[in-house]
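Take a look at this single chain in structure tokens; it is the form predicted on its own.
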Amino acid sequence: MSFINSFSIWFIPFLIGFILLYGTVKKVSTYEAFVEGGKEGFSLAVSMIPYLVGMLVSISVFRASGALDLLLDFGKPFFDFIHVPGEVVPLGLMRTISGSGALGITSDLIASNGPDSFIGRLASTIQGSTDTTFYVLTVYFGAVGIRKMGYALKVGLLADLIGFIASIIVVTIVFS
């Protein structure tokens, strides 16, 4: 364990030093290349701000309006029928929208049910088996200017659904 800690501490400075040395050997002006890359990164970050604000406002409106609670109340008989704990459904929905929001829900589920409980294990598995599809599409597609993202959205949501269902099946088989 101490080897891994030492390796991780020294890896980044070694990598940066290697890149600078390699650039110098190849006769590349590394400082100017670094500054130019910083300019591009800054302009990219600024161009993503409207997309991020739009996504965060949408999430806040969805939660604050009670639409999430209404959706969960509507689907409760179905989730009970297929033996899916209702506590993890908001996690499955939020995970596609926001990674930090989903992490907050996962933390709450683990704190209230315990990390070794079925719900804690299921929440952890869902957290690791799905992705933040809307976030990825908003930020990355917005950054490069892709406007037609219909197929990517469908495939991403399908992958999230499959990850959610697979998490339930695997955790049920392994931990029940």
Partner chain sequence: MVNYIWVGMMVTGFIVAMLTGNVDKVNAAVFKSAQEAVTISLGMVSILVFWLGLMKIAEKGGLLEMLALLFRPIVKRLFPDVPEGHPALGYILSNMVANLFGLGNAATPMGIKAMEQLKKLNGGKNEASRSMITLLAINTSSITLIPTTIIAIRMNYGSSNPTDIVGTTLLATGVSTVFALCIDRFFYYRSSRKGKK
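Residue numbers count along the first chain shown, from 1. Rigid core: the largest C-alpha set superposing within 1.5 Å between the two forms. Note that the structure is a prediction, hence the values are computed from the model and not measured.
Below, we refer to the form predicted in complex with its partner chain, which is not included among the displayed structures.
Although the partner is absent here, Trp10 sits far enough away that none of its heavy atoms falls within 4.5 Å of its partner chain in the predicted bound form. Looking at 162-176, the residues that come within 4.5 Å of its partner chain in the predicted bound form, counting any heavy atom, are Ile162, Gly163, Ala166, Ser167, Val170, Val171, Val174, Phe175. Superposed on the core, the two forms barely differ at Ser65: its CA moves less than 2 Å between this form and the one not shown. Once both forms are overlaid on the rigid core, the distance between the two CA positions of Gly37 between this form and the one not shown is 2 angstroms or more.
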